[in-house]
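To begin, one chain is listed below as structure tokens, in the form predicted on its own.
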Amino acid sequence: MTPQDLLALAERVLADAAVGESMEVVTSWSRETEVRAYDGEVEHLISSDSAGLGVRILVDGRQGTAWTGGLDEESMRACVADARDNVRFASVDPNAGLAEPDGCEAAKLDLFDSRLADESTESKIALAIELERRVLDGDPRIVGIESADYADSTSAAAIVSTNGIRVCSSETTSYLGAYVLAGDESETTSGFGFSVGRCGHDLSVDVAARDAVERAVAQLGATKVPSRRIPVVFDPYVTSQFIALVAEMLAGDAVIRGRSPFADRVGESVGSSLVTLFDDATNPLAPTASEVDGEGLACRRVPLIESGLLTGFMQNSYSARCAGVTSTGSAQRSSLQSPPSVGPFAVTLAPGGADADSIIASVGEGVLVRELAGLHSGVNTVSGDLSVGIEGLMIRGGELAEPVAEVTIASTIQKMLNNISIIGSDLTYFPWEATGVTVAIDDMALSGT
């Protein structure tokens, strides 16, 4: 279905809004393909379409929601009736309400690649099989492949409301990913690699295979090292996980719930002067870029930390009302089944001027962290305390040395932001809502032997 088709359907449903009701209608459609290769053959192939509609109705501070997986007239009418019925059972919330148009124009982004529709299933299968072959040929120490996958999606959505929201959009995404095993008689290690784009023509089998092999092989022979305080270097993958965690704490709904150590600190220093953090859904290079947020407001660049100073939080319309501010176009919809939450689209730590090799050389003695274990279970989002397992490589004399595993690093999110001493230039995009760069952080506790 086209975005215009979905928009027409949503407007038809909206026309049934009763006097005194505020109504929001969201319609979506997607077509997805998944391929998994094994032993040179197709192990798993799925190609499917899905569609749905979500309705949110508000009356006198009470909110009711409902959704359906069908776009036929009977299903849509029943969905409206269910949402209307659910209003009666809701509690009154003075901040409940729909997004109000704010006059911010949506960026015109080219997120839809028509070439994806012309790519055959056979060509997609070939990419997955070729990825598996390249991984197995990449190094004699590769002993197995957990997965060699191709996936793509074509999606469209529309949002309309009685407040005057009327938007629709479409996008395509494609992905190659490999999870591999390296080993010898005494141990087995794992590694991953991937490539993302808007269609299969954007994907690189070489990059995905090379990265997976290198990460797996590099960890062979990893051991514990003595406990100490030490500088750490995060590679872009780990940095993306770290700043995604920071972004969770800078979401307006986290502040409302008392789940952020940054509440009431706007205008204060919360990081090194090198730290500039922002969310920018309008960056077309980000796989998760978007023209509009989950409530139909224009996405925009949202400053969070500027040269170490906390400038504000991401907000949707509800969290903004609670805080007495305005939405930043940061509403996220994980599904049609629930109201929008708050979150980033492409949170980014502004890159510096150093390459990864020079950062490692500057650190001299430390550890390069390439994998985190137990990130969310090892972080207290109220206090900011962090203690997580890591895998990586020791840095000795400014060069990479032996692999390390079964050790932990510990600090607090606040101290880590303040101790960022170097930020790399190697901005890297991932198939989730955070980018990454190489980052050096001084003085973390390393616990090993």
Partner chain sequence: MIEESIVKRVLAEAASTGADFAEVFAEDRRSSSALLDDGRIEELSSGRDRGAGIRVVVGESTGFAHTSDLSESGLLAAAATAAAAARASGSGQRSVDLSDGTHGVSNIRIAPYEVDKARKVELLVTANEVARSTGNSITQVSARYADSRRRILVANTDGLFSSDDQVRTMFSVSAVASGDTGMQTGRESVGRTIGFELFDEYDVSELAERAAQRALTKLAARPAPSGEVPVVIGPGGGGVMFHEACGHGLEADLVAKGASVFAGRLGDKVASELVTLVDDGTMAGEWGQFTIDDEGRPAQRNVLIQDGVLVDYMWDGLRARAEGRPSSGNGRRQSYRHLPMVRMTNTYLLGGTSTPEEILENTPDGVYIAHLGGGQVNTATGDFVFGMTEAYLIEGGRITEPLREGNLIGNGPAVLAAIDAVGNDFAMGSPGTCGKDGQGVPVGDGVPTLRVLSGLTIGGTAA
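Residue numbers count along the first chain shown, from 1. Take the two forms, find the largest set of C-alpha atoms that superpose within 1.5 Å, and that set is the rigid core. What you see is a predicted model, and the numbers here were worked out from it, not measured in a lab.
Omitted from view is the form predicted in complex with its partner chain, to which the following refers.
- Interface residue remark: G164 is not counted as part of the site for its partner chain in the predicted complex, having no heavy atom within 4.5 Å.
- Put simply, W67 is close to its partner chain in the predicted complex: some heavy atom of it is within 4.5 Å.
- For the chain shown alone, L372 is a contact residue for its partner chain in the predicted complex, at least one non-hydrogen atom being within 4.5 angstroms.
- Under a 4.5 angstroms non-hydrogen atom cutoff, its partner chain in the predicted complex lacks P287 among its neighbouring residues.
- Only one of E74, D110, E105, E268 lies close to its partner chain in the predicted complex, with a heavy atom inside 4.5 Å, and it is E74.
- Screening P140, G258, G324, G353 for any heavy atom within 4.5 Å of its partner chain in the predicted complex leaves a single hit, G258.
- Heavy atoms within 4.5 Å of its partner chain in the predicted complex are found in one stretch of 305-313, 118-126, 278-286, 154-162, which is 118-126.
- Taking its partner chain as positioned in the predicted complex, the residues of 209-235 that bring a heavy atom within 4.5 Å of it are, in sequence order, K224, S227, R229.
- Residue displacement note: I256 has its CA displaced by at least 2 Å between this form and the one not shown (rigid core superposed).
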